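Only one chain is included here, represented as structure tokens and corresponding to the form predicted alone.
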């Protein structure tokens, strides 16, 4: 059977690189005695694939992985994994998917990034509206090709700002993966262009990953 799991990565694990997370999950599967399946060939590996890469320095509320295992109850899988996982990371939900379902990296194409900051005195709602009113939003790429200038506007779907107790929150819903991958640090650069100093930032994380179809957003656990 093939499973798709939703998991959370807490703030104190935000400096794990993607390969570190893969190794952590593989060790957990062994400790939990999950009957995982192996690939064929001279160098077999666990048939598991993570979703979109969680940037180093960013923690995630709803991340995903796919895994091929021998049949077992989903509730038993979640319980065994959560007992074996280290503090700060846990499986939230899990469902069975079709064996030939597209890989997560092919279907996840949108994400929410949350930026929490101390009170700035700025009109963040007006700043969000100004950003969304632009025809182009140009930044220097933070990816491999740092000489590239990117226009983020086609993949900047929404920005919301609100105050919660003694902090302010900005949510940015953006395109990820192909054809336009928007990084969280590129969003930060946009905020700086509009007067939001990075010194105000207290924390940032990825709230969720989505499958965008037209104007609708679906969880990777849903049948789209």
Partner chain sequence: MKNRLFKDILPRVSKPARYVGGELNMIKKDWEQSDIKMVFAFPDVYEIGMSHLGGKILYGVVNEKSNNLMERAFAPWPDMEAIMREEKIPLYSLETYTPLKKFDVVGFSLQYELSISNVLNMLDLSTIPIWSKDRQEDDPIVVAGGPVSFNPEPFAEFFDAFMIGDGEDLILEFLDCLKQNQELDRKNKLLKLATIEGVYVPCLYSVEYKEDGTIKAMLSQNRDVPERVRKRLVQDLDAAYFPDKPIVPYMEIVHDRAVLEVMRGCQRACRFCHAGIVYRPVREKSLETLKRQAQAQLQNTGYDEISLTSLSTLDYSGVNPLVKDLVKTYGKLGIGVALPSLRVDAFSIELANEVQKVRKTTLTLAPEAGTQRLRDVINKNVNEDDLFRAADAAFKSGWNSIKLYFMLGLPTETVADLDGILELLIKVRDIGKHFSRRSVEIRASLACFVPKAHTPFQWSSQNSFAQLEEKRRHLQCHRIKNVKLSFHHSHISILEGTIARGDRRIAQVIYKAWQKGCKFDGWSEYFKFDKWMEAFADLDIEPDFYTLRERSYDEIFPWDFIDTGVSKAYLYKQYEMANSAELTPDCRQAGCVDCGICGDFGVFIDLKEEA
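Predicted model, so just to flag it, every value in this text is computed and none were measured. Positions refer to the first chain, counted from 1.
The discussion below concerns the form predicted together with the partner chain, not included here.
Heavy atoms within 4.5 Å of the partner chain in the model of the complex map, among the stretches 177-185, 61-69, 163-171, 194-202, onto 194-202 alone. At a distance threshold of 4.5 angstroms between non-hydrogen atoms, residue 9 is out of contact with the partner chain in the model of the complex. Contact between residue 23 and the partner chain in the model of the complex is found at the 4.5 Å heavy atom cutoff. Not displayed here, the partner chain is approached by residue 86 to within 4.5 Å at the level of heavy atoms in the model of the complex.
Using a 4.5 angstroms limit between non-hydrogen atoms, residue 157 is distant from the partner chain in the model of the complex. Contact check for 127, 138 and 145: none of the three has a heavy atom within 4.5 Å of the partner chain in the model of the complex. Contacts to the partner chain in the model of the complex (heavy atom within 4.5 Å) from stretch 40-58: 42, 43, 44, 56.
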